[in-house]
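Next up: a single chain in structure tokens, the form predicted on its own.
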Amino acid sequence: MPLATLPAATSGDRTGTARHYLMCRPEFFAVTYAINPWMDPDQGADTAQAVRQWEELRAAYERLGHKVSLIDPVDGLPDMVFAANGALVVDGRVYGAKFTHAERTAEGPAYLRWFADRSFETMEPTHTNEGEGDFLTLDDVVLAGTGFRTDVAAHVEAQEFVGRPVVTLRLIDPRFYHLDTALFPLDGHNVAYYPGAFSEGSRNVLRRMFPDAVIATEEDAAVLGLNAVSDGANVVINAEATGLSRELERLGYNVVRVELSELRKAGGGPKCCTLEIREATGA
């Protein structure tokens, strides 16, 4: 059954579709190690504030008509809140994550087990990948990042499993260590992205594939403004990405600004907290 059209929370002529998201409450969130340039264990993070901000994000999705399911957090896995990294889900098939850093290794099996327990078709990966952190799904293609966290071999493995074309994009700036920190799908056929995060060849690919893309400035990218979630009409975005927000509004999107300053201390924003569950076609 096709997903329902969102009710009143749309803007202009754009129409969003109700989505199903998996999230993980950051009960054990902390910054106790550094595996990306955003993390500073000396600065740490306020767990209670992170939970409050996360709850606002969850509430924003529910106000927009989206369904939110929850996976139980695991003590000792402070980054498990970043659910997007846990898997790639396309047409009811779940390609699991195999994390680069030992600190996050146990997250992959935890997420895959959640899906297996609910009768999804799952695949334990052979190659290193970090789920929707580096796999972003449009209507006819999956964009896949590499350079820091996900092996190109995982792109091939994912393509074989989910049965959709996978296009490799190389990231070159360590601040944008996952594809979802430098690009997000606006809808099923267009994207917003920051060119400076990508290699020259990948920039050329993006220009060819998405001639009407929204181009973000470094200023907005540097506050993780591209770690956003769009349903085709409504864009949930970090509040500090003011220029990008204004441009999206000019184009007719309903922009929902959220404050995730605590989670950004670990390199996360709205998309990092959000794994989309794409059910099997016709299910």
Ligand SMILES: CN(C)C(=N)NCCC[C@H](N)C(=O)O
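Keep in mind that this is a model prediction, so the values were computed, not measured. Quick note: we count residues from 1 along the sequence shown, nothing fancier.
Heads up, the form predicted in complex with the ligand isn't pictured, but that's what we're talking about next.
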Heavy atom contact within 4.5 Å of the ligand in the predicted complex, the stretch among 137-145, 202-210, 173-181, 67-75: 173-181
Candidate from A60, A222, V51, M39 lying within 4.5 Å of the ligand in the predicted complex - any heavy atom: M39
Heavy atom of H155 within 4.5 Å of the ligand in the predicted complex: no
Non-hydrogen atom contact I35 with the ligand in the predicted complex at 4.5 angstroms: yes
4.5 Å heavy atom contact, K98 to the ligand in the predicted complex: no
Close approach of N85 to the ligand in the predicted complex, 4.5 Å, heavy atom: yes
In the predicted complex: members of 90-111 within 4.5 Å of the ligand, any heavy atom: R104
